[in-house]
Every structure is written in C-alpha cells, then in structure tokens.
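Below sits a lone chain in structure tokens, taken as the form predicted on its own.
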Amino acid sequence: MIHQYKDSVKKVDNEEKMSGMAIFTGDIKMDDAYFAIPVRSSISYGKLLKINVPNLPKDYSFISAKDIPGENVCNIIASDWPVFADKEVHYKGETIGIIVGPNKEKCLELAALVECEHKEFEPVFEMVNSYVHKEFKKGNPDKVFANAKKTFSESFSTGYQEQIYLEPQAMLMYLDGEKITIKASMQCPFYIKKAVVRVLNCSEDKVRVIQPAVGGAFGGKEHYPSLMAAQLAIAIVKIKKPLKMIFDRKEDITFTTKRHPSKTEITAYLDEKDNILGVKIHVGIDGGAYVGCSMVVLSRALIACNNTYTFENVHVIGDAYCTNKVPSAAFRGFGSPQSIFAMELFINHLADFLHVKPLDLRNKYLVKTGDITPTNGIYRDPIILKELMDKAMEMSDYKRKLAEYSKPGSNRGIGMSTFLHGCGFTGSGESTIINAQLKIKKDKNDIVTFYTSQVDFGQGNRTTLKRIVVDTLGIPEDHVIYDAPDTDITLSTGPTAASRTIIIVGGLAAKAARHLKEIWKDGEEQEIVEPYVGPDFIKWDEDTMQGDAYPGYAWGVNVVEVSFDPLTYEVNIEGCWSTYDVGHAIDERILMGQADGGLAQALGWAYLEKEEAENGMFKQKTLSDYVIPTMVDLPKMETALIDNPFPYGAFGAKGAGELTFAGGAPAFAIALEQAIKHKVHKIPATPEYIMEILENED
C-alpha cells in the first residue's frame, strides 16, 4: 500500500531527477576546458624547501602559492588553512599546487613528476595539542563537587565518518568577460564567492557563483569547495582558460574533510541518596591540521553535552586538537552527535551503577519547559519529550521486549535514545554574522519570483521553500518561480547548514510573502527585501558560552532493536522506530525522507563505517573497504511526527535534517549492550570491537 502523506506535493525536481535529465557539474561540457590536478604533499609535517617541477609541455602549467595575488588563505571560519602549502606542510596530501592543461591523463602524469624537497618534523597524530579551548559553568559546580559523597566516571569515543555523497567534489570555472563564473557541487555559494575574492584580492562584482544540480553534501560541501575554488581562481587568472576539477571517489575519500573523531569524559557527582548533584564533562575532538570550522563544531558539541537532561551544576570543558591529519569539518549534526552519544550511554551506565532502571533515571532528570540550559539560557517552548517517548515505546513494544531480552540466553537487545538539536546558527550568529536578506519580486503579470542562497542537494529545499511562498500568498503554484542560487541575482540568506533553512530562511520567506500580500497591487511590479530579525530574547556571548544558544530546539526519540550472532560477532538491525517534534511538518513526505536517511546514516556511523588514520593517511579509500549500510542492512523504519508548532518558524516549522541523525548511534549501542550483556564505550562497534569486549571481560 502506498502511504498517503499529509500535506505533501510532488517535488519540484522530481521529473529531472527521476528521468536522469538533471545537469550536475560533471555533466556540463565546455570544449576548451582545461583540467586541474592537485599536487599533494608526501609527508605529514615538515618545512617545504623546494618544489621541483619538470619541463612542462606547451599549454600545461603549474600553479602554486607564488601565483597568488591576494592572501594565501582559504576563507573558512578560521583563517589558518592555506590555499597552497607554502613554507610548511601540515598533513599528508595537503595541496602544494595544481597542474592544469587540456588533457586530464597528461595532467595526472605531470603531477606525479613534481617532486618536493622537505625538512621533516615529527608529526603528531594523537589528541594532545589543543588549538581551540572552551569552558563554561552552570550553578556552583566547584563547591558542590567538593561535597559530593561519591562519583561515577566514564569515557566514550567516536570515529571518523565519511559523507559518501553520491556526487564527488566537482567544480567548473570559466571567464565571462572579466568575471569569474563558478558552477560547483556545493552547499554555500556565498562562501565560495568570499573565498575567491579574498585569494584574488578583487572586487565582489568580479565573481559569480551559480548552483547546478547537487548530488548530496551532508556538510562535506560546506567548506571544502571554497578551497577548490580558490585554487582554480588563481589558475584561471593566469591561463585565461575554463577549468574543471572533479575528484574520483578514491581521491574524495582520501583528501576531503570528515566528521570529527571525539573522546568525551563524563563524571557525575552524587549525594548520599544517589541524586545527581551535577556533572563535569570534557569533550575533545580531532580537528586535524587546521582549525577551519572546528571551533564551531566544538561549540555545538559542548552546548548539546547535557542532551535532554537538566543538571543543576555543570562544568563543561572542550578542546579541539591539532593533529597532522586531513582537517575535519562539517558533517550532519556538527558536533552534537558525538556528545549526545556519550551522554546517552553514560546515563544508562550510571543507572546500572546505582541499581536503578535506566528509564526511571532518565525521567527523573528529563528537561522541562522553563529549565535552565547548560549555558544558562532558558528552554522556553513546550517540550513534549515524554509524549515522544511514550509513542516510541508503544510503536516498538519497547517495555515487553526490554524485559524479554534481559533474560539469560537472549542474543537480542532493544535500546532507546532521547535527543535534541538546536536550530539555526549558534547564539546571535544569525543576526550578527549571517544577516540574511531575502528578496521577493512580482512582475506586471503577477508572477512572483523569490531568491535565496539555499542549495537543494536532495533534501527538498526547492519544494518546501516554494511551498511556503505559494501557501502564504494563496496563489497557484505555477505563479511562483524559485530558481537555484546565483550570486549575481540572489541576496545572501546564509549557508545551507545548521538546520537553519526552514526555521530561518523559511521564516523569512513567509514573512516576505506576507508583506507582499499586504501591499499587493494587481498588474504592478513590486519588490520586498526582507531582513532577518531574531527573537528579542536571544542574548549570547560566544567567548563565555553564556546565554540562549538557539531560538528553539527540535526533539526526538529513537528505538533500535538488534540481534547478535555470537559465532561471527555480527549484529543485525531488526527494527527502528522514531518519533520527532520538528514543530509542524510543512511537507511530511520530504520530512520522512530526512528521517529515514538521517537514521540510516547514523546507524552506519554506529557499527559499519570504520575510517582509520594510519601515519596520517586514511586506510579505507574506496567503497570496497569503507562500508556503508545498504537496504540489506536496514529494516523497515517506522516514524511518527507529533505536532508542536514553533512560534518563530514558517507555519510552526523547526529544523529536522540534523536532528534525525543525532539519536541513532546511542540507541543502537544501548541495544547492542543488552544483546551482548557488556558495556559499549566507542563506535563504530564492529565485529572486531565486539570480540575484543567479549574476550577481554576483565
């Protein structure tokens, strides 16, 4: 039977995607395009003494740091990642230059002949050198902790995760007169534009970024395309030819950014009646060779470290560590899945230590409306976590299975996680850093066009944002035009990241459409430019990490059931049940796609996706050795949405894309613990790790 989703329409790009007619970057043909092939460092850390370039044939060039007219820096959040390594190299595979020319195979051959002379230094691969440190407190933890009657401490770790988007990194750049025009597989057109302007030291009107179809991103195309664009821009200024850089899968896995590995240490301080007086938490993440966006990933991990629980006294410490490995960067969830994984398992283990039921301990400290956040903000909106939990337990038959699988001899387990995710940029970032503006125009034929810089890379933004405008104006769908971003036409509404598209940009679209409706005059040209204005209550200090971190939170519950084979140490996932509060779902079918996809990706991170760095290089480099879940590995997923409209979102909507990733790993790990009758402290929980647990019980 086909499910009849409520309030759902056919996706705007349905026909072009289903027919194979969508034009991705790699599909764009330019007969005179040159190819660009990176020349990469062969060492992890050292001084770059000399670059020996072979005699190059006619029409082939080597582009390096000496060709840069502006700053040798990739414009990310921190300005420490060079476009081309110049004086030093800090990770194996760092780009030293690019070979450009008309034949790709010849470019590859020439790139292999470039040799670098180095003075090698001792690389650091462990998390010991912090380059970002953050710390904050709630309550009076120092005094309370000193008077605690007992403590309970544990540590948890998570591994790398590769985005495995369908379309690898890809970029096309050409000159339109004197203007550099860029088409790329990307998330953030204006990030790319700023990166090129900075490296070329040119005016903004000299750079144009146009979004073609994009085949997936998950954070992996938030910052890395800025590096590629800066490299190609330096080359195009010199050779005046169209340039194309498209990675194959091996190159993409080996050299692009990943989810940050993490280690989280938690201590609970207890009184004589085993009440939790407070917690001390340290979150460490492996940022790789350059900071990039690691300070923001760390911030989000710290803000989420209490997860769905309220503790009166909290001391939170965080460090992003510098290692001589490929830089880590954005990935769906942006730090919060790492700390949520740790806290969910910690609560379960603490319950065992206290000889109480995990569900009872969870309910005792479950966050409520009006509670104080870890950063001394306030949870202002109605919180329906208990309703979400009850519904998830009913759907999964949780309590019966929990009791049954606890019996000796059972190799099955069921686990439940609760989780939250902040929507939008942290704190006042939307108002003070992004400053989004959305433009909406009506022509004399009463056709409405609206412009945002939000990229649709499969999550349905083109459909949902258009629908917000259509429904607000109350006009036919074919009277509203919403094209892909073009920085020559579109104002910046900020990056497509941080679960901000619907809550922030969707809210802007609804507001602009309402204002147009109020002044609507048939047959006349009209235009609205709507600036983002955040809620008055948002007060945030990034330096002290104090205040309201987000305008609102989305909430969820995952239940995962597993079976375990004691002969092979393999785990099968037998069932998944989820409930979510994402405010109001504007399009239920699109949201269900996010729910299923996010949970599948989280489960892959939990038990299949092993990415190891050895001597600074990833061992797993192809889809043969980096294993992601397929349909064979996943059961039918059952999901329920519980309406809880959010006052600041379009039609009551909140963010959903990252939320649906946050709870899968801890729910899986808790289920696995019941199945193997042992505690789990790290993921991915591969058969090798499970065997290690069971054969080293002491």
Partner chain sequence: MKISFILNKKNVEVDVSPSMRLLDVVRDVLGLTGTKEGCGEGECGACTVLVNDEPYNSCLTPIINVANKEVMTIEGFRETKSYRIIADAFASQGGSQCGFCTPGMILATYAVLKKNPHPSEEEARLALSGNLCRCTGYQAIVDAVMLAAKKGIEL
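Because the structure is a prediction, the values reported are computed rather than measured. Positions refer to the first chain, counted from 1.
Quick note: we don't show the form predicted together with its partner chain, though the next part is all about it.
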| query | finding |
| --- | --- |
| Heavy atom within 4.5 Å of its partner chain in the predicted complex - the one residue of 379, 190, 398, 457 that qualifies | 457 |
| Candidate from 425, 482, 331, 290 lying within 4.5 Å of its partner chain in the predicted complex - any heavy atom | 331 |
| Interface stretch in the predicted complex with its partner chain - options 224-232, 402-410, 173-181, 617-625, non-hydrogen atom within 4.5 Å | 617-625 |
| is_contact(residue 166, its partner chain) in the predicted complex, heavy atom dist at most 4.5 Å | yes |
| Distance check, residue 368 to its partner chain in the predicted complex, heavy atom within 4.5 Å | no |
| Residue contact check: residue 637 to its partner chain in the predicted complex, 4.5 Å heavy atom | yes |
| 4.5 angstroms heavy atom contact with its partner chain in the predicted complex for residue 629 | yes |
